[in-house]
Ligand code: Z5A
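A single chain comes next, written as structure tokens; it is the form predicted on its own.
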């Protein structure tokens, strides 16, 4: 087992921002440099968390309100951290996660109008000191993101969050930008309206400057 803790990278942003695509590209780029890299997602990432993901995205928890949703997301996160993220970091791997605790803060916190104190307490219990080393927030106008999500879906059913109205998604975008402004030491906002390869290049620059140079120093 490595004596050096790995690096934890998270991707955040609204619907249709291209997070899943960019996670794959970054994982491939890191692996090409010989770095053990684990790709994962939230909600999900472990068998128990994936079961909760199905319930959450199907909207089965939504009638219970944003506080209940935040608690179920956090239950999934606890299992994900225990079963996958922390063991991978302990052996020195990089972990790249499509969404993490900032999504709870944005979706159920600001957009769901839960108090900051509630979200802060939940995150302290759930995440503890396993905070991301780098959070990449893919930002684009709400209408463009929803149009991309609709095209990707190809006429399939919308999930719990894609079904929200435009005002919800606008509040969500502002929530992510506020998180980035409050935590510049770990957050980088990426303009996701750019072509895919340019977005990937911007992400790689951020990873190199913030993590790889420090790792190699």
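Numbering follows the first chain given and starts at 1. Source: prediction; values computed, not measured.
Although it is not shown, the form predicted together with the ligand is what the next lines describe.
- The candidate spot formed by 34, 186 and 208 lies out of contact with the ligand in the predicted bound form, as no residue has a heavy atom within 4.5 Å of it.
- Although the partner is absent here, residue 49 is not a contact residue: none of its heavy atoms lies within 4.5 angstroms of the ligand in the predicted bound form.
- Using a 4.5 angstroms threshold between heavy atoms, residue 57 counts as touching the ligand in the predicted bound form.
- Interface membership of residue 9, defined by any non-hydrogen atom within 4.5 Å of the ligand in the predicted bound form, is ruled out.
- Taking the partner from the other structure, the ligand in the predicted bound form has a heavy atom within 4.5 Å of a heavy atom of residue 18.
- The partner is not shown here, but in the predicted bound form the stretch 183-198 reaches within 4.5 angstroms of the ligand through a heavy atom at 192, 194, 195, 196.
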